[in-house]
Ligand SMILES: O=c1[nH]cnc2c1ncn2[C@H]1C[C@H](O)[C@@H](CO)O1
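This document opens with one chain alone, in structure tokens, the form predicted alone.
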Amino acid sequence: MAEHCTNDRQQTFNKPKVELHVHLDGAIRLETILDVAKQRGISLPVDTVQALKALCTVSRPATLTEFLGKFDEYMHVIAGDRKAIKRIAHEFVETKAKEGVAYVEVRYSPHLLANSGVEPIPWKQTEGDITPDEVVRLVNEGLSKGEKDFKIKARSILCCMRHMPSWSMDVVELCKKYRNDGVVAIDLAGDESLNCEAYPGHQRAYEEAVKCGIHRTVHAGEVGPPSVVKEAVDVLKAERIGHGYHTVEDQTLYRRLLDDNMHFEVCPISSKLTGACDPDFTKHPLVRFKKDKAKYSLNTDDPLIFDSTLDKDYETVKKYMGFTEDDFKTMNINAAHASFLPEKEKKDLLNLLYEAYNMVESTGL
């Protein structure tokens, strides 16, 4: 399943990895943005990779609002262009193959890459003919070609956006339509202060997902309080939590989720640069997760905006949180168990990891 490409330097964990929380629109190559802008005749305020990097990246702890503002700098270049949408999906798989990833679940909002059949049309685009449905088809094609070309497995998760509950039923319908063509789950992303009780469109979409057997993850407890995590689990029936750092502030909820083997999609570098966690990595909630034997994975979130790679996250937790090779093995096996693959494919992925790690399958992991 995985071919391990040689990088310029030795990877911190040079074995097959599983990544469950990374945004397609936050993982685009700077060179691709410049190239597509040139092809489409779109004027950008800069014309070099270095200058664009300075414009699009966050290099010091900021706020989630400042981070989200970075998408305004480049999303209009890619959105609404068939070739560009397919290209970024294909290049994404190539990047992950080079990082030694055996299986990845990449997420995105189909509506934020469309220019038709969406209200309002995002990024101040003029109306075109690319609907959210067409976006999913294009991304699926790009990921599928990437799988064949780079010999890894890639699946996608479709995001609802907290500030746009009117899109959410569309999202779950797309999950249903493409569930046998690469789409494995639904997600809810965006401003955590917008709860679902005030925006029932999300709740209805997740109820439909439960009814139809669509897997569910939710961004919660990143910058928001534990109550957002509680709502994600109790109301939206989330099977995994995106981030979840602030769960530890509610001991009753945290202990309950530990008992339930809830999987936390942890993104260390992201959590520092969005201001979600203490910038001192030795005080990161992941230290607590590790101590309490919680289930979690390591992920990049938005590597374009954080000017990061998966290896930098691994390096960070090894350096500041004492992670060992055995910790990384256990963590990736837990990530494979928490993946939204069908059981047969999940078993194949686990067997690949056990073989690569020289481990015998153990029920204790």
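Being a predicted model, the structure only gives us computed values, none of them experimental. For every residue, the number given is its place in the sequence shown, counted from 1.
In what follows, reference is made to the form predicted together with the named molecule, a form of this protein that is not presented.
Across the proposed site, Lys17, Glu105 and Tyr314 without exception lack any heavy atom within 4.5 Å of the named molecule in the predicted complex.
Contact annotation: of the candidates Tyr178, Phe281, Phe71, Tyr199, the single residue with a non-hydrogen atom within 4.5 angstroms of the named molecule in the predicted complex is Phe71. Exactly one listed residue, out of Ile42, Leu64, Leu34, Ala51, brings a non-hydrogen atom to within 4.5 Å of the named molecule in the predicted complex: Leu64. In the predicted complex, the named molecule lies farther than 4.5 Å from every heavy atom of Thr95.
In the predicted complex, the named molecule lies within 4.5 Å of some heavy atom of Cys159. The shortest heavy atom separation between Glu222 and the named molecule in the predicted complex is within 4.5 Å. In the predicted complex, none of the heavy atoms of Ala79 sits within 4.5 Å of a heavy atom of the named molecule.
Residues with any non-hydrogen atom within 4.5 angstroms of the named molecule in the predicted complex fall in just one of 248-256, 127-135, 82-90, 186-194: 186-194.
Looking at 294-309, the residues that come within 4.5 Å of the named molecule in the predicted complex, counting any heavy atom, are Asp301, Asp302. Relative to this form, the distance between the C-alpha atoms of Ser193 and Ala276 is reduced by at least 3 angstroms in the predicted complex. The gap between the Cα atoms of Leu194 and Arg216 is larger in the predicted complex, by no less than 3 Å, than in this form.
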